[in-house]
Every structure is written in C-alpha cells, then in structure tokens.
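As a starting point, one isolated chain is supplied in structure tokens, in the form predicted on its own.
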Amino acid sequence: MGTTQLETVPEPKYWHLKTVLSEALDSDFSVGEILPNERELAARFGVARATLRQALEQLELEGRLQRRRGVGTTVAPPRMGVDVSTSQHSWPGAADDAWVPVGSALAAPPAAVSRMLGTPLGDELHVVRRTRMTHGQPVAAELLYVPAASVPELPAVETPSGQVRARTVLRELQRLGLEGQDRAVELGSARADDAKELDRLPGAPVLVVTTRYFAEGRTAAVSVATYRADTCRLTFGDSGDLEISHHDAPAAHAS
C-alpha cells in the first residue's frame, strides 16, 4: 500500500478514506491478512487516527474487515450467503447440511420456543447445539429444539449428551415426514454467550434466523441460528416469503 495524502474533498474525509482503503484491500491484501497498525496507516494517508478509525469501522460494518481479539484487524473473506427462503425442504442434519453438531442436552427452552412448539413451559426437551464455519472461522451458532414427541424412538441407553447424542437426535428427527417450514429474521446484538462462541465482542450486530419445521400437522422442531452480521448476507431464493423484524434482544434466543 503506497503513501497517499488525501486532498480536500467535499465528502467527509473518513468516507473518502474508506473508499481508498477499500481499493487497497482489493489490490494489495489477501483474505486473512493483518493490516498495519493504526499509527502506521494514519501516517501513510496523512489523516488523524480518529478519521482512520471511522473509516475502519465503516469497512467492518460493510464486511470488508474483521477485528479479531488478540490478532488485530484482518481482511474479511467474502460474505457467506444465508438462504432464508422456505424453498428448501430438508431436515437439519441432511446430507448437504453445512452445520456441524457440537453437542446435545436435555433442557427447558425459552418461553417463546415453548409457545411455538406447543409444549408446557418448563418441560425439558432435546437441545442440539451446532456450529457453522467458513475459512476456519465461526460464522454461526444454532440451537435446535426437539420435543421428545418428535423423536419417540430415540434410544434412552445411549450417551445422554455430547456430539454422538446430537447426531442421534438429528437422525431420529429425519424419520418424520417434513411437511414444510417457515423462517423469521431478527436483527439483534450479540449477547455474551453468542459473542464468545462467534469470536465477537458483546453487542456486535448479529442476524437471528428462527425456523419452524412442520410434521404430522404440528411444529416438530424449532431452530434458532445466530449469524455474524459482518460475515453473512441474506439470500431469498425464489419465494421471498420472509418476515423481518428488529429486536435488541431476540425473544426466541436461548441464553
């Protein structure tokens, strides 16, 4: 990246700097490469560090940069497409599923999930935790809530928790005939547990996608997936049947 002095321009200086930096990211850096420190960058472009920070923050919001704790500011990979249409017709854990099971446990779901499933408040059900990675980095975490009625033949003698149990729950769930699904997207802020799992700071923007799976005339399972907003983009397929809302603390998200 060569030395570039910014001339007086009618637009905000940080915005012009953001454009210059964006072009440099395309030509001079590769995905995952660490940027020089703020002092060096500010000197190269002849701007105050406050102006530089504004430009870097904007590039982070646009998904061009990632600030990683203990590493620094790196060039972000291309955003991963998140299909939020309902054109897909498969259970979680299908052969083409990109999610990786992490574990499973019996636990009471949040009240909002109980209402969607039609189960009594406080009743325990199977909670499968899964994660999704790209370029070696976590981009999403999911909690899949499965009532016992949806997996009636689940062996009780197997390991009660862990990755093996998670795969068993997913396998048994696929015995049901999937009748349909719907999705809702919430724009929110990362809670402490989300931030830790997704390598983000608390309060970072996230997309929360809630999916209901229908079988035998009822809601058979509910998925609450939290995506890093800086690494993901929504795709709508051909259906376009999507509900979008905004909440600082998504009601259906488990702690």
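Bear in mind the structure is a predicted one, so any value in this text is a computation, not a measurement. For the two forms, the rigid core is made up of the largest set of C-alpha atoms that agree within 1.5 Å on superposition. Numbering starts at 1 and follows the sequence shown.
Keep in mind that the form predicted together with the DNA is not shown, yet the notes after this line are about it.
Scanning D193, E33, E62, E38 against the DNA in the model of the complex with a 4.5 Å heavy atom cut-off leaves one residue, E38. Only one of the listed residues (T211, T219, S189, Q54) places a non-hydrogen atom within 4.5 angstroms of the DNA in the model of the complex, and that residue is Q54.
Contact check for G177, G180 and R233: none of the three has a heavy atom within 4.5 Å of the DNA in the model of the complex. With the partner omitted here, the stretch from 62-70, 225-233, 211-219, 25-33 that lies within 4.5 Å of the DNA by heavy atoms in the model of the complex is 62-70.
Among heavy atoms of A43, none comes within 4.5 Å of the DNA in the model of the complex. Contact between L198 and the DNA in the model of the complex is not found at the 4.5 Å heavy atom cutoff.
The DNA in the model of the complex is not approached by V206, whose heavy atoms all lie more than 4.5 angstroms from it. Interface residues of 12-31, taken as those with a heavy atom within 4.5 Å of the DNA in the model of the complex (partner not displayed): P12, K13, Y14, in sequence order.
Fitting the two forms on the rigid core leaves the C-alpha of A42 displaced by at least 2 angstroms between this form and the one not shown. Core-superposed comparison between this form and the one not shown: the C-alpha position of G217 differs by less than 2 Å. A movement of the C-alpha atom of G72 reaching 2 angstroms or beyond is seen between this form and the one not shown when the two forms are aligned on their rigid core.
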